[in-house]
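The chain below stands alone and is given as structure tokens, in the form predicted alone.
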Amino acid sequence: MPSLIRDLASEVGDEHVLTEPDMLVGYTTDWTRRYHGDALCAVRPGSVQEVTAVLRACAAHGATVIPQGGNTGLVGGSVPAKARAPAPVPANGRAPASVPAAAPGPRPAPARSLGAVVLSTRRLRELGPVDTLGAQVTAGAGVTIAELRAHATAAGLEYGVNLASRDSATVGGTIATNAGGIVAIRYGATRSQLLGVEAVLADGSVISRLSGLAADNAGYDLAQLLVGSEGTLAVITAARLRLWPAESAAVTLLAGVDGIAAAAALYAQIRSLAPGLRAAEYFEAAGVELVREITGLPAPLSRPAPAYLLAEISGSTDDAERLAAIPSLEQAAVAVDAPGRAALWAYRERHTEAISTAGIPHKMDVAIPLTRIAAFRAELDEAVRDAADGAAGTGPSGPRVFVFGHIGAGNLHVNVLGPDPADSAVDETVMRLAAAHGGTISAEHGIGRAKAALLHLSRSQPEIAAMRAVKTALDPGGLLNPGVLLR
């Protein structure tokens, strides 16, 4: 360990190798506070050359590498696992009789035993000039989404990913998880924004395609391969990103509805009347009450509703008049100025803050076909109660369930307060219920460590085998983020 620390410090500088326990806490605990791990150190390279040197040093010393961006992940994918004590070795040095002999054929790489190094990409912050002709920009992996969006806006363009964690989430991290966000129904998830990538493979070699060519069919698209790979195939250091013509939000609408079926139907009506629909968000009375309790916000509408649909539309204020003709919009608030729109958005965007203030939540990110979303929601509360029955920490009042998300994409964030953070029964129940309704166990947050054992609910065995083959080909020694995505 001391020799590894010395080697890393010689490459990136002493001040960028953190070893003190109190300094490592922010790198070894994820945003939810449910997932904690152990690391030898956190290292902060400032260039692609330094990333290469770090990977080679860790490989030489037998340490695994955990790539990390803004550490806003929710599934334990950006923090190391808990260190496990090595199995005792018999005095004669032989394996116990119960351990079978190795099968013939290629053997896996030796198990690494030194520990994990968190590789933070936050210092990779170069942000190139906006190419207004091509509507593109090159950004370092450590640039935050808020910084990128501001940079594009200053040039009269827009970046197509926006999410509540924009001030912390980074370009590299959102590529690694294929983040979606609130305008995904307009521009697509991160995958749709990616034109090229620079990344360092496990052996220290660098792949770089940052030209942004719109017509380039020369072989495999390695940039797209890295989208959603969660740091298991390479360390992303920079990306070439698509930008879009700037659209000003003309109307923000908050409507009270009877439930998720009514919200989905209203979304479909708005979509047909407003071609500039940018966002459609769903949340419920329980979440609004908690947000108001934590933040002190006033009631959003003149009278409470069981659920709410928040829609944002670009275009002109004439859209508000067309939407007023929808019969189901009996109770709604409409804002056409920036302060008014921000006030309505606060009821949705402050959900995550309010829930985390109230406790350590179980956060499940699922997507359901819109035709099945009401049936899923109808079964959810009882399924959660049954799973949490008797679970440590739940208490006599039972679990508290908060549901919100991007209804335009069928993407729901199920948050449960009550069960012990270490108890995964509720998580598994929600994911199995989503799969039973034809959904996915991960819409935009990734698989991480939390869902790796349940990947088969959303991917077939041949698909998982193909993923393993890709992982083995690019990272044969298991250097990058072991245990994430693939167990």
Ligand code: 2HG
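In this text, residue numbers run from 1 along the sequence as written. On a predicted model such as this, the values are computed, not experimentally measured, just so you know.
Beyond what is shown, the protein has a form predicted together with this ligand; the following relates to that form.
Engineer: Using a 4.5 Å heavy atom cut-off, are Arg149, Arg186 and Glu247 all in contact with this ligand in the model of the complex?
Structural biologist: Negative, none of the three is within 4.5 Å.
Engineer: Look at the stretches 131-139, 413-421, 152-160, 374-382 and give the one with heavy atoms within 4.5 Å of this ligand in the model of the complex.
Structural biologist: Looking at the other structure, the answer is 413-421.
Engineer: Given that this ligand is not shown alongside this chain, does Lys451 nevertheless sit within 4.5 Å of it in the model of the complex, heavy atom to heavy atom?
Structural biologist: Although this ligand is absent here, Lys451 would stay clear of it in the model of the complex, with no heavy atoms inside 4.5 Å.
Engineer: Quick one: is Gln193 in contact with this ligand in the model of the complex, heavy atoms, 4.5 Å cut-off?
Structural biologist: Judged by the heavy-atom cut-off of 4.5 Å, Gln193 is well away from this ligand in the model of the complex.
Engineer: Could you tell me if Thr352 has a non-hydrogen atom within 4.5 Å of this ligand in the model of the complex?
Structural biologist: Contact with this ligand, yes.
Engineer: Taking this ligand as it sits in the model of the complex, is Leu266 near enough to touch it, meaning that at least one heavy atom pair lies within 4.5 angstroms?
Structural biologist: Leu266 lies outside the contact set for this ligand.
Engineer: Please identify the residue among Leu243, Ala116, Leu74, Ala279 with any heavy atom within 4.5 Å of this ligand in the model of the complex.
Structural biologist: Only one option qualifies, and that one is Leu74.
Engineer: Going by heavy atoms, what in 434-452 lies within 4.5 angstroms of this ligand in the model of the complex?
Structural biologist: Glu444, His445 sit within 4.5 Å of the partner.
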